[in-house]
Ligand SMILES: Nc1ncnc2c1ncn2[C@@H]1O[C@H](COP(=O)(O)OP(=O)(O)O)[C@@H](O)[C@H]1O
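Below you will find one chain, with nothing else, as structure tokens; this is the form predicted alone, and questions on how it binds or moves follow later.
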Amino acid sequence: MDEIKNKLWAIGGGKGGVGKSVVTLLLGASLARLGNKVILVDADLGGSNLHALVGIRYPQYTLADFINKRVETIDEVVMDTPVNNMRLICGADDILGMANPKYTQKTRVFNNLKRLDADLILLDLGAGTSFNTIDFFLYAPNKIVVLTPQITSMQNAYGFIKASLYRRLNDAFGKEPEAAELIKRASFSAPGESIDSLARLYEAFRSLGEEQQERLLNCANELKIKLIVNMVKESKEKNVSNIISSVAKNYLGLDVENLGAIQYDNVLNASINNMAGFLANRKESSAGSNFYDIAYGIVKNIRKSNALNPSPAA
């Protein structure tokens, strides 16, 4: 995974309506304007919309063409956008069944995504916690969860993070019956269930040995998740990320990082139906400044990481 540790970013969340696609688009645009080659991938295989946001009404090619081998390489489905340095792979909602690709199809997509000529690849995931959505989220070394200050969005964001952790644990321990049963009990947290947190799951793993306990902690520690709070109207709403981080730490043992907050912006909101024009004209907006700050922070951290851990070719 070293070759894509700073390259691949998945952007997910709970249910729809939190603005994942707009966040993906405007974060990608800000990263591109900082001099990075960016590719957006509409990985919402059942309801793609990124192409419409950038003004592409009828995509010539979509991810479905690559999945079904109608084109030889994934490079053939990459399209230009109104933003210099930012390109797009359109989603595959035009074919029945594409919302549920087979394991071999997903593996082929993953293996080819990392070979794309790009500095950063942003995956815009579908809403909800389906296995396919979670698998795309888990594959990316860098994981962003988008939420709004609304209580339902906060609950859905935490649910998404929890589902991701336990999907990861199931993948790691699925072939070990005793461990898998303990993980199942922890993931559902039914009333009266004693294993209701990662800490208690760790204690339950004591019967399986120290090595298994260590594996459990390593799986959790590998799950680096970041938050973006979208559509913030009041300053106090920025604290939503602290609430999610605290609950995730207490119950899931995860250190969740706050990437930043995006202010609710009337200029941006009024431009949703003409995002291509908004991007092309680069209208000044408070949200635009927020996206630039987040993008700048991402680039700064990548450069720091590369300096501390240079590639063998460097």
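Quick caveat, the model's predicted, so the values are computed rather than measured. Residue numbers here begin at 1 and follow the sequence given.
One more form of this protein, predicted in complex with the ligand, exists but is not displayed; see below.
Review point. Just one of Asn230, Asn132, Asn142, Asn85 has a heavy atom within 4.5 Å of the ligand in the model of the complex. Which one?
Key: When the ligand is considered in the model of the complex, the option within 4.5 Å is Asn230.
**Study point:** Residue among Gln263, Asn36, Ser285, Ser245 with a heavy atom within 4.5 Å of the ligand in the model of the complex
**Key:** None of the others qualify; the residue that does is Gln263.
**Study point:** Contact test, all of Ser48, Gly55 and Leu279, partner the ligand in the model of the complex, heavy atom 4.5 Å
**Key:** Not one of the three qualifies.
Review point. Counting only non-hydrogen atoms, which stretch in 263 to 271, 245 to 253, 28 to 36, 55 to 63 is within 4.5 Å of the ligand in the model of the complex?
Key: Contact-bearing stretch, as computed: 263 to 271.
Practice item. Report whether the minimum heavy atom distance between Val18 and the ligand in the model of the complex is within 4.5 Å. Key: So Val18 counts as contacting the ligand.
**Study point:** Touches the ligand in the model of the complex: Ala10 (any heavy atom, 4.5 Å)
**Key:** No.
Check your understanding: Hey, in the model of the complex, does Ala295 get a heavy atom within 4.5 angstroms of the ligand?
Key -> Contact check for Ala295: no, nothing within 4.5 Å of the ligand in the model of the complex.
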